[in-house]
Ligand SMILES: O=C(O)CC1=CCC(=O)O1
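Below you will find one chain, with nothing else, as structure tokens; this is the form predicted alone, and questions on how it binds or moves follow later.
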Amino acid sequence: MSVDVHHVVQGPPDAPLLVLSGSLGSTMEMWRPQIEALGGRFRVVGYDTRGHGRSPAPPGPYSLADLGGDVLRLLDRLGAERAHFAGLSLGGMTGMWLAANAPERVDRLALLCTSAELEAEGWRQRAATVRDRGVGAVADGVVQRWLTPGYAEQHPQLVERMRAMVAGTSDEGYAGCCTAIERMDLPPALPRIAAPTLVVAGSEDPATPPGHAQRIAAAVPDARLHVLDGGAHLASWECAEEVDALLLDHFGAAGPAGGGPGDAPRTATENST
């Protein structure tokens, strides 16, 4: 059953609608560079995945259909028939499910540092660890994969903020999303994606190396692939300027997204369900 996720809307009311979906263990804070860069051109909707940040954490386990259903419910609440969608990691998995299963709701799609299929046992073990010892037990390892060592050394305050963000995630929410990743099987759905798709990988990403992006781009019809030079998993921060430019180019080439009743909330409105 879908839930009402916490979200923030920022940008001109009549601009194309762009939904940003984040990584496992993140809040919409992970998209802050893009919200600042794209907020003047798009009506940007950042949201916390169920079990994360200020969104509800219903009992798990979850599925990608649950996470995608939450986005469809969010679009309905916004009165939007269609939207552009950018997802990183778990957010990209959600985006692939949406574009394959609700193609009429997705205008253009960007998939960053993500995968269509991951080895299940590691996610089963991570969910068990979190349920037994809490998210704090995995937070350091998560952030180590998010940023390259050199970038992390130069930005210790960011590392601490990101670690606190991960550790602050609901244990049930984090473990439930681990199960969604464990059970996903997206490759058969990829050829059904009709939305113009940009696939982005970080060359130094240890969590979803470029080979994962290459397989997605090869399976999605007419997808475009870009590998960032030197980026790790959280490319939205470490390679912010290049990611901003890629998203502006990909989504800016399209006509208006969105539409329907209630399509003009005030700039920087917030819903805290």
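Everything numeric in this text was worked out from a predicted model, so none of it was measured. Heads up: residue numbers just count along the shown sequence, starting at 1.
The following text describes the form predicted together with the named molecule, which does not appear among the structures shown.
Taken together, W123, V142 and R145 are fully in contact with the named molecule in the model of the complex: each brings a heavy atom within 4.5 Å. Proximity to the named molecule in the model of the complex, defined as a heavy atom within 4.5 Å, holds among L90, A175, A83, L109 only for L90. Comment: the named molecule is not present in this chain, but in the model of the complex one of L190, A195, I181, L78 has a heavy atom within 4.5 Å of it, namely I181. Within this chain, L246 is remote from the site of the named molecule in the model of the complex, having no heavy atom within 4.5 Å. Among residues of the shown chain, S21 is not one whose heavy atoms approach the named molecule to within 4.5 Å in the model of the complex. Using a 4.5 Å cutoff between non-hydrogen atoms, R43 does not count as a contact of the named molecule in the model of the complex. Although the partner is absent here, L225 sits far enough away that none of its heavy atoms falls within 4.5 Å of the named molecule in the model of the complex. Contact with the named molecule in the model of the complex, defined as any heavy atom within 4.5 Å, is confined among 43 to 51, 22 to 30, 213 to 221, 236 to 244 to 22 to 30. Scanning 191 to 211 for heavy atoms within 4.5 Å of the named molecule in the model of the complex gives just one residue, A207.
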